[in-house]
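A lone chain, given as structure tokens: the form predicted on its own.
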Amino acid sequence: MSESSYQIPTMADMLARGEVPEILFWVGCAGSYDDRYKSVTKAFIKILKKTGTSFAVLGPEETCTGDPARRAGNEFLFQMQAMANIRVLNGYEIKKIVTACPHCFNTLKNEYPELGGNYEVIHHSTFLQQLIHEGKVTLKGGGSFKGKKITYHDSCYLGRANNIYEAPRQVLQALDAELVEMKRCRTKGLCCGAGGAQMFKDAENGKKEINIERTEEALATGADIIAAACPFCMTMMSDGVKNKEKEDKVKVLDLAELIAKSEGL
């Protein structure tokens, strides 16, 4: 995704023009580098542009929040990464941040304040729900997913860590699709198996991978689409669907992708 083709302003660009964006879109490592999750970044940016939302990104000034380092036990590296980001964010006097990654969301919202980084941080599921509530996203006729069966997988860092359960579901309900819940959902949802830096280490001894267990629960609902709101969850659920050889029948899509496709973006 080139900046020229999408005309994505950086904070440095806006500062040079004497402008202040409404929000800073924190892209995150997956949204920047993971080939699959780049499409989520593009989808969300299309929505921001269509709704006339004033936004900017940090571009090359954005680095990892430090979440994986802290979860893996490297507190020193976490604080180094966090302090570097806070210096940049405070330098631009950032007030409001929106991110599509629950890990970035949780770290920026709940862990940066103790190091001097105090911001209003919103996950993109909540932001999308607000856009729909305000009538900026209309989804006339229910969009292209009308009548489809969709099941939603709760991200641990969005759900249990931050008590955000309804916003993603309200976004899906706006699609006029049939929302079918897994047996373990909301406060009793099952982790995809990637959190706590588990994604970056070898599997431990056991009879079954967690993402396979969770994928089986999702497939048991008969859903056509597994909706996710986290890059870690998307990877793990996608791998699970491939393991079951169901990738031709069942799609794993982010909330932003669902809204963008319904809006014809």
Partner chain sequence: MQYISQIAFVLVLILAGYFLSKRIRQIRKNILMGRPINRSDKSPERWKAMLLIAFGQRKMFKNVIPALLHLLIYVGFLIINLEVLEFILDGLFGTHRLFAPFLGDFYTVCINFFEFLAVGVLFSCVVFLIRRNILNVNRFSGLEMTSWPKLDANLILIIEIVLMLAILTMNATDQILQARGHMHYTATGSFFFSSILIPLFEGLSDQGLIMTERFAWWFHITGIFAFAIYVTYSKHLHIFLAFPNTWYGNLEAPGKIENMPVVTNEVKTMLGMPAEDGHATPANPDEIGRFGAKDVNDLNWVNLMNAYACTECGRCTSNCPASMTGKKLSPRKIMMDTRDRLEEVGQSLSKGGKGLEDGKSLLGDYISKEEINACTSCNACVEACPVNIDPLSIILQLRRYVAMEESGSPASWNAMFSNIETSFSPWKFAPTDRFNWSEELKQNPKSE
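Fair warning: this is a prediction, and the values are worked out from it, not measured in the lab. Residue numbers count along the first chain shown, from 1.
Beyond the structure shown, there is the form predicted in complex with the partner chain, which is absent from this document and is the topic of what follows.
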query: 4.5 angstroms heavy atom contact with the partner chain in the model of the complex for residue 210; finding: yes
query: The partner chain contact at residue 240 in the model of the complex, heavy atom, 4.5 Å; finding: no
query: Contact test in the model of the complex: residue 50 vs the partner chain, heavy atoms, 4.5 Å; finding: no
query: Partner contact for residue 75 in the model of the complex: the partner chain, 4.5 angstroms, heavy atom; finding: yes
query: Residue (of 191, 131, 174, 150) lying close to the partner chain in the model of the complex, criterion heavy atoms within 4.5 Å; finding: 191
query: In the model of the complex, the one of 218, 225, 27, 234 near the partner chain [non-hydrogen atom within 4.5 angstroms]; finding: 27
query: Contact stretch among 91-99, 75-83, 166-174, 131-139 - heavy atom within 4.5 Å of the partner chain in the model of the complex; finding: 75-83
query: Residues within 4.5 Å of the partner chain in the model of the complex, restricted to 25-42 and counted by heavy atom; finding: 27, 28, 29, 30, 31, 32, 33, 38, 39, 41, 42
